[in-house]
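Here's a solo chain for you in structure tokens, the form predicted alone.
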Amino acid sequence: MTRRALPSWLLIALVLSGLLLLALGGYLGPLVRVVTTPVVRAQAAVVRYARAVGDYLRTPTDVQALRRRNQELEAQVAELQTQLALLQQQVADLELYAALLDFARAHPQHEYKTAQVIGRDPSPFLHYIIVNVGSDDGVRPGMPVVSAQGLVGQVVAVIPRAARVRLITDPTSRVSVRITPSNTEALLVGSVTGDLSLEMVPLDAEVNPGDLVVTAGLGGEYPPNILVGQVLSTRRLAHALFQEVAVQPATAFADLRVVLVIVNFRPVDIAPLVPTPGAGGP
């Protein structure tokens, strides 16, 4: 009598049951690690390379998007900077006009015409500005011109829509002034370099740096009590008849943008009333 062979399914079931029992008992751990470790490593390598390929494929699109975003941000920054510059200019203009209004309120006896500086004399030896008001606006030669800080000069020529203003720093400018608090009268003169100085200051006059210089109203060319500047320095020479006095102007002439023309002031030519050397008396 021969022994019959076990069915294959039964044999497989017995093998699986044995393996399960061994696994539950912890006997297959080393074998499982040996078998699965290469598989896990291979799987990790595949995932890593797949991610690298995906990143590489996505990179051109990301770079282009970043470039577009960067361009958009740069355009926004440029626009904001432009708006900021405009706002700063508007604030500066408001402050300037407010200062001019304060000057006009401090001298209510005068009538003013606001004018913008539209040109400057190109010569380094002359000191003139061109403003955008003229005879059509009631501006006439001889009218004084002031800034928010003080005296600027005098209108010397006009056309219908513009006027030429000689600055007090011009070498041909002469302004009768008074030094306070000593009330010493003197003559303010310009120069080729634009520096201001005082002439005819007596040696015994108490003049010190920091003293204010204002228009005296003498000579008929300027109204009185308009600030001109302040004394910068003084010097007394041994054999001189007068002191040498330097003046710091109150107005920053290089930064002039808007000025006021005093339109209700008419200069008076007193030259015929001033005797000249050699002229006979009445």
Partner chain sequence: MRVYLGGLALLLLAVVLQSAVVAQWHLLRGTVDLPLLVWAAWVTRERRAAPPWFWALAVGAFWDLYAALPLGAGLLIYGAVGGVAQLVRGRLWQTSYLMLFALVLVGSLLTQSLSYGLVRFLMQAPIPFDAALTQVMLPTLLLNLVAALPVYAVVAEWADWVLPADNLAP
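What you see is a predicted model; the values in this text were computed from it and never measured. Residue numbers count along the first chain shown, from 1.
A second form of this protein, the form predicted together with its partner chain, is not displayed here; the remarks below concern that form.
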Original post:
If we take heavy atoms and a 4.5 Å cut-off, which stretch out of 78-86, 95-103, 200-208, 166-174 is in contact with its partner chain in the predicted bound form?
Top reply: 166-174
Original post:
Given that its partner chain is left out here, which of Gly119, Gly138, Pro160, Gly142 has a heavy atom within 4.5 Å of it in the predicted bound form?
Top reply: Gly119
**OP:** Find the only residue in Ala148, Leu187, Leu126, Leu212 having a heavy atom within 4.5 Å of its partner chain in the predicted bound form.
**Re:** Leu126
Original post:
With the cut-off set at 4.5 Å between non-hydrogen atoms, does Gln71 touch its partner chain in the predicted bound form?
Top reply: no
Subject >> its partner chain contact at Gln90 in the predicted bound form, heavy atom, 4.5 Å >> reply: no
**OP:** Examine Thr193 and determine whether its closest non-hydrogen atom to its partner chain in the predicted bound form is within 4.5 angstroms.
**Re:** yes
